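In the block that follows, a single chain appears as structure tokens, in the form predicted alone.
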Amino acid sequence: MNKIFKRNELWLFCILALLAFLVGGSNSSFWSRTNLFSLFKSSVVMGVFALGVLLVIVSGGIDISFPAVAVFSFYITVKYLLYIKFTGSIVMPFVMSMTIGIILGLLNAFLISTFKLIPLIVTLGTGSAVTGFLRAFVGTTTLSNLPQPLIDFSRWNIYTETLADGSVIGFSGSFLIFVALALLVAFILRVTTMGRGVYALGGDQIAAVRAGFPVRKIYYFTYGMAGALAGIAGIIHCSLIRLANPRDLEGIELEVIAAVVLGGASLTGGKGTVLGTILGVFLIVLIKGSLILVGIPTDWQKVTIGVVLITATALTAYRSATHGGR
């Protein structure tokens, strides 16, 4: 029982529930289906990003290039599909964007594992290089005439309802993709040998090598998966907002990393769960949505997220010092 009460996920869930009731008490529109559906929809892109960042952080690394990877992936995908006048299955945009993301993620892994470079510097550099290349050689024009399959995907709802005023609300089907990806990452981390290797590498690289884990393969797997998930998140984001903007998603890395750390992942590696990450994402999305509902200017959102990130990091360090890293 004591172990349950010490779990970060339990306390995070309690904070999430308390905040929801406080906001709902001050503004009853919080509990409307329109707002709740909107919050779940808002969590999808950040959640998919967070799953990739979780893998990298648990392995002892860091990746801040994923917004640039996402933008590069979806913008090139959309531009190519418009060029060939694509009208086929939605699978094609997802596969293409994911493939581009994987290639860029593997580039990060190659630089880090081959030249023993610091992940923060590498991903900062590749993110900047990818962004610069995109804007210099591919385009800077915002594309609003998306291929029809992406428009159809943005309209996909697993539940729709017509309100009294005649407006129609829906629960976005993109949330199912987030859930499926979360289950996949949880399975990898908890069941597979590769997942155990990710935790081992983040806990102690020397011990991981002595235990026989393929360190180079783990680097390629984690950063490749982070790139793939960034590509998927990018094409979902592009579809949901029905725009392909090469200047989009700037600054989202702070929110995503805050959600992962808030969920219990240690920036030093070796710790972190998918459930904690999901709860962290929900909390960040709820905080952002709550600030708007209670009338706090959006300029304060970054201040709040920054404070949350510092607090979560401090609490993680405190728990590691007082409970032996449990």
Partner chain sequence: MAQGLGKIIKSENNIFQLAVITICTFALMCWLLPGTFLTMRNFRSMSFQFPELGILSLAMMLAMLTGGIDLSLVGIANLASILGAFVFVKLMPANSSHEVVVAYIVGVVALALFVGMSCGLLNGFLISKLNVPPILATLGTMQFYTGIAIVLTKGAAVIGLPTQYSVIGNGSLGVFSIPLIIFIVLLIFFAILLRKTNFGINLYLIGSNAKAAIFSGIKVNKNLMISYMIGGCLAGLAGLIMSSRTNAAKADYGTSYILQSILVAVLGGVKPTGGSGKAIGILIAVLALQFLSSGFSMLRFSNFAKEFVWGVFLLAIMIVNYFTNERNKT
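Quantities reported herein were computed from a predicted structural model and do not represent experimental measurements. Positions refer to the first chain, counted from 1.
Same protein, other form: the form predicted together with its partner chain, not shown, and the subject of what follows.
In the predicted complex, its partner chain sits beyond 4.5 Å of every heavy atom of Ala180. Thr140 belongs to the set of residues with a heavy atom inside 4.5 Å of its partner chain in the predicted complex. In the predicted complex, no heavy atom of Arg242 sits within 4.5 Å of its partner chain. With a 4.5 Å cutoff on heavy atoms, Ala20 does not count as touching its partner chain in the predicted complex; it lies far away. Put simply, of Val91, Val168, Ala136, Ile84 only one has a heavy atom within 4.5 Å of its partner chain in the predicted complex, and it is Ala136. By the 4.5 Å heavy atom rule, the three marked residues Gly132, Leu254 and Lys302 all count as contacting its partner chain in the predicted complex. Residues within 4.5 angstroms of its partner chain in the predicted complex, judged by any non-hydrogen atom, belong to 107 to 115 and to none of the other stretches in 145 to 153, 92 to 100, 107 to 115, 219 to 227. Heavy atoms closer than or equal to 4.5 Å to its partner chain in the predicted complex belong, across 268 to 293, to no residue whatsoever.
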